[in-house]
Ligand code: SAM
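Consider the single chain below, provided in structure tokens and representing the form predicted on its own.
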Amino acid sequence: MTEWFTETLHDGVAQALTMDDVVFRERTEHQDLVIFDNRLFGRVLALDGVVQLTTGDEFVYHEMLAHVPILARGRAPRVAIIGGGDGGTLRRVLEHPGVTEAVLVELDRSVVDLSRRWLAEVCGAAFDDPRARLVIADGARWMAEAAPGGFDVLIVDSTDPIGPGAVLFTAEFYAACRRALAPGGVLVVQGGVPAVQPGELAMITGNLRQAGFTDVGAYLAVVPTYYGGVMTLGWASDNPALRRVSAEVLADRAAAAGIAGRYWTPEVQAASFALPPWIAEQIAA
């Protein structure tokens, strides 16, 4: 009999994927972790009953988390990623030759080790890149102690605001991120799926404003295995021009860096900040 993985993260709805082959299952120190194969989306990583990524569509999420802020800024030698122990975001960050340091701060060492073993398609050789530095620590505590102005781009590749990931959505954490950013730096965060998490984007953007960011917004990415499809990525900076970089300028920067995405393109980036009214109205004023 086929085993099904059923995700019930959102009230009133569920999604189910066949577990055609369970590769690994364990209760780690911090969370329940399962890796399995699905006939449509490939290999799946789930934490605490929630799909984190599939090899069939992870590129959408990871490209948009990494390429958008780095190419918007134009020059981002120092990047830090909070969460993202699967290495997918780190891999895309390191595709940029101008990045000289990429720090990945992950709470659960098991996620890194198991991803390197079972999800090599996602992380590639990112953890072996000499520019990468892995820190196993609580991301909120690490950020609170980070040197002021030490990073050009910060990426919060977190789980949903439940359990150990909840602290990464607070105004206090965002204020620590703001202190750690250089002038003109960019913070991007996983912002949820507005169709099924209507209060999350308002909470995130409200807390970003409370933390002192002067330019706060969101952009979109379509990730099929995140229930509801269209997800938001929160954006914060002190330079509003970075959200409005033209596709032509982005194309020149991408060409110089050798960036070519499967989902990301200069046109997609420029258009991703154009929010339909039903999503725009969820951003806190």
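Note that residue numbering begins at 1 and tracks the sequence as displayed. These numbers were taken from a predicted model, which means no experiment stands behind them.
The protein also exists as the form predicted together with the named molecule; that form is not presented, and the subsequent description refers to it.
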Checklist entry - Pick from 125-133, 102-110, 209-217, 69-77: which stretch has non-hydrogen atoms within 4.5 Å of the named molecule in the model of the complex? => result 102-110
Checklist entry - Is residue 159 a contact residue for the named molecule in the model of the complex, using a 4.5 Å heavy atom cut-off? => result yes
Item to check | Partner contact for residue 168 in the model of the complex: the named molecule, 4.5 angstroms, heavy atom | outcome: yes
Next on the checklist: Although the partner isn't part of this model, could you tell me whether residue 194 comes within 4.5 Å of the named molecule in the model of the complex, counting any heavy atom of the residue?
Outcome noted: no
Checklist entry - Is residue 226 close to the named molecule in the model of the complex, meaning a heavy atom pair under 4.5 Å apart or at it? => result yes
Item to check | Output flag, 61, 84 and 137 jointly within 4.5 Å of the named molecule in the model of the complex, heavy atom basis | outcome: yes
Checklist entry - Which residue among 254, 51, 35, 221 has a heavy atom within 4.5 angstroms of the named molecule in the model of the complex? => result 51
Checklist outcome for this item: Exactly one of 44, 250, 47, 259 comes within 4.5 Å of the named molecule in the model of the complex through a heavy atom, and that residue is 47
Checklist entry - Of 174-194, which residues get within 4.5 Å of the named molecule in the model of the complex if you count heavy atoms? => result 190
